[in-house]
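Presented below, as structure tokens, is a lone chain in the form predicted alone.
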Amino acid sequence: MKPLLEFKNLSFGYPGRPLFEGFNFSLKEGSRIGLIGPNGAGKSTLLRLMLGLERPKAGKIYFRGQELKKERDFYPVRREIGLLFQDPEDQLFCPTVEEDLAFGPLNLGLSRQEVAKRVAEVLQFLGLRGFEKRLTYRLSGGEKRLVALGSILTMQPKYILLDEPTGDLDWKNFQKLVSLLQNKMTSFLVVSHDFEFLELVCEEIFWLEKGRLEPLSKGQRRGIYFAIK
């Protein structure tokens, strides 16, 4: 089976700050991956490169075996891979919760009946029934984060990228997110500084530093855990 997404010899950096050089990585459906590393290592940038929101200086990106070259080549990628931004304010722009959840599917040209069905299912899935008419700007930080996740789920992506998803979550919503990722979501990559959270929800954890992505063994993971503690 071909990888869902693949980087080959990818290079990227910002002025005066190189991040990746000859970088290789593949993403497969059904994988539950955690990504951790120091600030500025390029974790969020890596997610943006996956969706074509940043473009590499060199190297190739493949989606289902097809090379991505132009902006339009990334359109199917963004349909099948959803990104939860680090700041939910970057993702919520409609007045009410149900309007935000419906926005993406409506833009896909789905019928209002199908969109309403998806919205109801996602609200049930996230434990947010009754939030339909709530104004998004009045939600708590944790509630906004869950609604932002819901706006991705109504698009029914094959894979989800989550950038620091535990920020602003109180304990109740933290537990809700952990339960969702453990029991109801099968394909995701999570960027987080919360190592304990990654241990709870991910099958593999990688350390990103100086443009290198290294898988962490169980022993290494224990060492990092105690170092953090």
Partner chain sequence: MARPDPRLKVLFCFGYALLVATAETWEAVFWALCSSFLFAFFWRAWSLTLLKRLFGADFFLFFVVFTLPFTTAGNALLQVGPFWITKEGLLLALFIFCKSNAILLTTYVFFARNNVFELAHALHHLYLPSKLVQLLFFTLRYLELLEREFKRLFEAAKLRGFVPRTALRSYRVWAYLFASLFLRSYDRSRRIYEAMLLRGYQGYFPVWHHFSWARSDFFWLIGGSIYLIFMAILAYR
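Bear in mind the structure is a predicted one, so any value in this text is a computation, not a measurement. Numbering follows the first chain given and starts at 1.
Heads up, the form predicted together with the partner chain isn't pictured, but that's what we're talking about next.
J.: In the predicted bound form, is there a heavy atom of the partner chain that lies within 4.5 Å of any heavy atom of residue 133, even though the partner is absent here?
T.: Although the partner chain is absent here, residue 133 would touch it in the predicted bound form, with heavy atoms inside 4.5 Å.
J.: Within 4.5 Å, heavy atoms only: does residue 68 come near the partner chain in the predicted bound form?
T.: No, residue 68 is distant from the partner.
J.: So in the predicted bound form, does residue 104 come within 4.5 Å of the partner chain, heavy atom to heavy atom?
T.: It does: once the partner chain is placed as it appears in the predicted bound form, residue 104 has a heavy atom within 4.5 Å of it.
J.: Using heavy atoms and a 4.5 Å limit, would one call residue 85 a contact residue for the partner chain in the predicted bound form?
T.: Result yes; residue 85 sits at the interface with the partner chain in the predicted bound form.
J.: Among 22 to 30, 49 to 57, 173 to 181, 187 to 195, which stretch has residues with heavy atoms no more than 4.5 Å from the partner chain in the predicted bound form?
T.: Flagged stretch: 49 to 57.
J.: Could you list which residues of 74 to 93 come within 4.5 Å of the partner chain in the predicted bound form, counting heavy atoms only?
T.: Contacts from 74 to 93: 75, 78, 83, 85, 87, 89, 90, 91, 92, 93.
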